[in-house]
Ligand code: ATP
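Just one chain is shown here, as structure tokens, and it is the form predicted alone.
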């Protein structure tokens, strides 16, 4: 409650200086209030309402500032997207460059280029291009109107050729291949020695074999031996099936052959293994009039040209394999292309015993199992069939919930594989993996 203040006049008395200094009204009359309690309550309510309103306004300002910041961030994002779309539209409006190849570099700084459409052009080189990269055969980009050389493109290979390279060295060793002692020595002389000891041939004064042709029945270890040679030399192993080189359009197969050998030179030391070479190396005949036969012949001629162009002492060696050497063209078999031709016959009894021992070295064999008896019973089997016998014997043991392989398991496996060899067409299907 508020009270009115009165000034001191002559009718008023005060206490001495020792008193508190309060003013005493005459007859102790209380001061009259100026604002009533009801008005004070109203003022307090008004103050609380104003404070709440002030808080609400401050909160509204804070929310608006957050909205402004979010709007500015969204605006910046839209600006970036707008610049991106403008760049894409500009690129779409820009005409594409013409792909060509460098034919010749002239003394005055100009260059002769050939476009992919066929014609040749005498063009100049853009100032931003490194002229040391402009060499004959380099792929380049040309302006679509003036055919000025704008950019030198990196060297590339066809995707089909790039996938032929085996990234990791094969893990096959000579000790993993049973028998074939003579074949191993011949292959090591022709492939490993030129890569590991080239000076030995220089001192002797002879040229090492350029290529090796492996032939024999299926499953006799031709591919395994080629992988073992790549493993021993730590060379890049490039494997291609010859049928992959046969293409639909004219010149595509020959181009793949060129790029295959170019990749081998770049990745040297390398071993190129061409499996089933009879797919493109069959004898050429005058009776072949179809377009497909002519394309296969063109691919073969390109392969012959690449084999002739190889340096015998280079870091690239060629290994080819086939089951049908009788159908190969004579041009492939002459010295200078495949200088060494190695036969892979069916394994002998001792070799069969070695192969079975290799395939069973990790198996738990019972005491009644005789490797020698198995080798005698598998007369005429190749290496793949011997592996099939061991795998099927293990499956027989698994079927009977055993981890030890017994003699009767090998007997059942041998009968199953024999039935598959003797009756490959119409036969009753016995139980087992190998039917």
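Residue numbers count along the first chain shown, from 1. Not measured: the values here are computed from a predicted model.
Only in words, not in the display: the form predicted in complex with the ligand, which the text now covers.
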Would residue 317 show up as a contact with the ligand in the predicted complex if we use heavy atoms at 4.5 Å? no
So, in the predicted complex, is residue 218 in contact with the ligand at a 4.5 angstroms heavy atom limit? yes
Classify residue 337 as contacting or not contacting the ligand in the predicted complex by the rule of any non-hydrogen atom within 4.5 angstroms, answering yes or no. no
Although the partner isn't part of this model, could you tell me whether residue 300 comes within 4.5 Å of the ligand in the predicted complex, counting any heavy atom of the residue? no
Listed range touching the ligand, judged in the predicted complex by heavy atoms within 4.5 Å, from 380-388, 399-407, 52-60, 37-45: 380-388
Give a yes or no on whether every one of 178, 223 and 359 sits within 4.5 angstroms of the ligand in the predicted complex by heavy atom. yes
So which of 264, 274, 191, 355 reaches within 4.5 angstroms of the ligand in the predicted complex, heavy atom to heavy atom? 355
Taking heavy atoms and a 4.5 Å limit, what residues of 185-213 are near the ligand in the predicted complex? none
